[in-house]
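Just the one chain here, laid out as structure tokens, in the form predicted on its own.
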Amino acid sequence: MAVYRAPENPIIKPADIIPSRDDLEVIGVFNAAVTRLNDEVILLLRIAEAPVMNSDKFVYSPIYDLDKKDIFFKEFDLNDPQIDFSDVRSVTNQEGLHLTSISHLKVARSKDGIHFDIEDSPALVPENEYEVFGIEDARISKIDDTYYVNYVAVSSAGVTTYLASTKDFKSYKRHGIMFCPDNKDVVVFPERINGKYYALHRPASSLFDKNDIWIAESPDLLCWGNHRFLISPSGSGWDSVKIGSSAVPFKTKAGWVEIYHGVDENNRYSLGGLLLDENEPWRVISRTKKPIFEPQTDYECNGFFGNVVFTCGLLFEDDKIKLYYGAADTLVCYAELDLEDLMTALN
């Protein structure tokens, strides 16, 4: 499929972000949610920071202290054979998993959708027991006059999905947990369908090692029920190992289009498409057999966690899919796809 990548890519990089503390460095700005507010494109950036600690003996995990309302560093001995350091993103010992970075969310604004002014102060930071390992990968669904922001909250209790809302991206109201552990990759449909809210979500089964996409409904965006299975990994190819919802669905004449991500046996992240029924979104009409967007450029293949293109947001305008995506868990980039090409792939 033909993909247009902005020649300005990456449009936002770690060097563009001021660290929140002198002893933290920004190692990634990626997986941005996107919407429009008046004449501006709004990005809600995930900012990942890691301790500035040069040591060949220890790895450090930043954790939010609820009592002190600040971040402290927990150290892990690199020579301890009982600790798993195989994933650069985390450390695992007998106590469980700890992240090597901590994330918060920050707003960026643009008139042209490419050149962004990034706010100095964070929009949302960890502040409760479910967020002590950080908050990540927001999605924005505008419903009526309110922007609903759901994001991943991480703690030793597990991976939950939290809901907040705003009308201006200056002040926010937290509403609570939408989906309990372990559940992420939640996207809320941007309008009620037959009077109900709908969301795609990705529960994880430790017993069966399952990572499938499900759909649920709600009367109020907090109490979710009538959960239904949607799709599984394909079992072979680009989305054989793991899948999850990515961008908020958008409506076309053919139905709801969901851009989702898939992971293969080499831990390579690509994007594909789903077509869901307009009035019964639990009905899958079609699914792309091949990826519609995959890592190819140097900035997508090399970085903190390479071979990754991952989107948390898009704008569907003028029959174009305007993707804001994370590259290699390091950068924010921009690409465009034609709806006609996507519909051909779906059919």
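Position 1 is the first residue in the sequence shown; the rest follow in order. Since the structure is predicted, the reported quantities are computational estimates derived from the model, not experimental observations.
Note that the form predicted in complex with another copy of the chain isn't included here; everything after this is about it.
Though the partner is left out of this view, Asp264 does not reach within 4.5 Å of another copy of the chain in the predicted bound form, counting heavy atoms only. Although the partner is absent here, Ile143 sits far enough away that none of its heavy atoms falls within 4.5 Å of another copy of the chain in the predicted bound form. Taking the partner from the other structure, another copy of the chain in the predicted bound form has no heavy atom within 4.5 Å of any heavy atom of Asn128. Taking the partner from elsewhere, Asn79 is found to have every heavy atom lying beyond 4.5 Å of another copy of the chain in the predicted bound form. Checked against another copy of the chain in the predicted bound form, the candidates Ala108, Val188, Val257, Val159 yield a single residue with a heavy atom inside 4.5 Å, and that residue is Val159. Distance criterion of 4.5 Å from any heavy atom to another copy of the chain in the predicted bound form singles out His227 from the list His115, His227, Lys170, Arg89. Stretch-level contact check against another copy of the chain in the predicted bound form with heavy atoms at 4.5 Å: of 247-255, 134-142, 178-186, 271-279, the positive one is 178-186. Relative to another copy of the chain in the predicted bound form, residues Gly237, Gln296 and Ala345 are all farther than 4.5 Å at every heavy atom. Residues His201, Pro203, Ala204, Ser205, Ser206, Leu207, Phe208, Lys210, Trp214 are the members of 195-215 with a non-hydrogen atom no more than 4.5 angstroms from another copy of the chain in the predicted bound form.
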